[in-house]
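One chain comes next, on its own, written as structure tokens: the form predicted alone.
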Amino acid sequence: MTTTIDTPAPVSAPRPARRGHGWRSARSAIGTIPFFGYVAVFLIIPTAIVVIGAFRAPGGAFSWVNIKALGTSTVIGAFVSSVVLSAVTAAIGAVFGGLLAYVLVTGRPGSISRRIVTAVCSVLAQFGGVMLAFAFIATLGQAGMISNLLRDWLGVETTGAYLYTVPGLILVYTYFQIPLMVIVFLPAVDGIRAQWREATETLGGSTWVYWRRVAGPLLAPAFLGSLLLLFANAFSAYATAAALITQSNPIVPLQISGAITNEVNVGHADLAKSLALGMVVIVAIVMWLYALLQKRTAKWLG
């Protein structure tokens, strides 16, 4: 009988650290300096200025005056109007944009129609400001094309005054909210596999079961995240509203502009900073929720 003795495997010596590894890491860190510089100049420093200015009196001393001004009826009304405007346009954009994204996915992959619609949505999502305001005035204003057609053909007289109110802004904002929803929601809809529906049908599940038990739960985080992104996009929009509404300040961005450019009550720059601080807090909460939902979506669809 032969006895076998197991000998321990030789222990290899640890490999010496590769030369130049630390230098490559340093070079990678140096490459991020322009990005962090950009973030510091255009995000961190302006935010710090807003926060400090919101708690500062005209003389430079610490004060709660500007923060207390946020409790006035005018400011509260502006915040309510901004939230309603953002929520309604986000909901409309999310529903119709989500449906359009689903229609694009159900078509043939790589089709010309899908590429055209995606390209158009990419352009329209960035179309805003004075150009968008002029387009709606030229179309639906008192002398707009549709207003003239209604007047000449149907005898319906319209002044288009609603364009210069918050309901008019809802209509105008929806114009860029829907294509933005298509752009941000399309990747999530693309992640849904056709095999999942086939498996549901094989197991006897109906279309309703598929959407309630499979596709719905998978798309819900992405849909809600896109909804929050649309809300933040509308809440911070300024140029289009400023081009349409010049006689009042019904939303917060116009309130900030009015506080800065007011020629009657000079020195309201710190009040504008307190208004901006309120917007920063709301947008920060929304984007924090958006980041949580995006993280969950990436985990599910990854």
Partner chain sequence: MTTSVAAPPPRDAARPQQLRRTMRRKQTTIRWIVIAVIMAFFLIPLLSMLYFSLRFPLSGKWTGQAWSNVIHMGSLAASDPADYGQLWTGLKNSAVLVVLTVVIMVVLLVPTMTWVRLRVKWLSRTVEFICLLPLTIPAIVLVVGLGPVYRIVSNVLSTNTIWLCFVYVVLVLPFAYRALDAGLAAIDLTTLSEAARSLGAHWFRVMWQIVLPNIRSAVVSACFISVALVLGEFTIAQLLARDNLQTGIFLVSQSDGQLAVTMSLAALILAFVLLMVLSLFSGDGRRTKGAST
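Think of the rigid core as the biggest set of C-alphas that the two forms share within 1.5 Å after superposition. Positions refer to the first chain, counted from 1. Small disclaimer: the values here were computed from a predicted structure and weren't measured.
One more form of this protein, predicted together with its partner chain, exists but is not displayed; see below.
- Contact check for G168: every heavy atom lies farther than 4.5 Å from its partner chain in the predicted complex.
- Taking the partner from the other structure, its partner chain in the predicted complex has a heavy atom within 4.5 Å of a heavy atom of L104.
- Using a 4.5 Å cutoff between non-hydrogen atoms, G144 counts as a contact of its partner chain in the predicted complex.
- Interface residue remark: L289 is not counted as part of the site for its partner chain in the predicted complex, having no heavy atom within 4.5 Å.
- For the three residues I52, F55 and F223, a heavy atom within 4.5 Å of its partner chain turns up in the predicted complex in no case.
- Here the chain stands alone, but in the predicted complex its contact with its partner chain, taken as any heavy atom within 4.5 Å, falls in 144 to 152 among 144 to 152, 83 to 91, 159 to 167, 70 to 78.
- Along 73 to 92, no residue reaches a heavy atom to within 4.5 Å of its partner chain in the predicted complex.
- Annotation: Cα of V65 displaced by less than 2 Å between this form and the one not shown, core superposition.
- With the core held fixed, V39 shows a CA shift of 2 Å or greater between this form and the one not shown.
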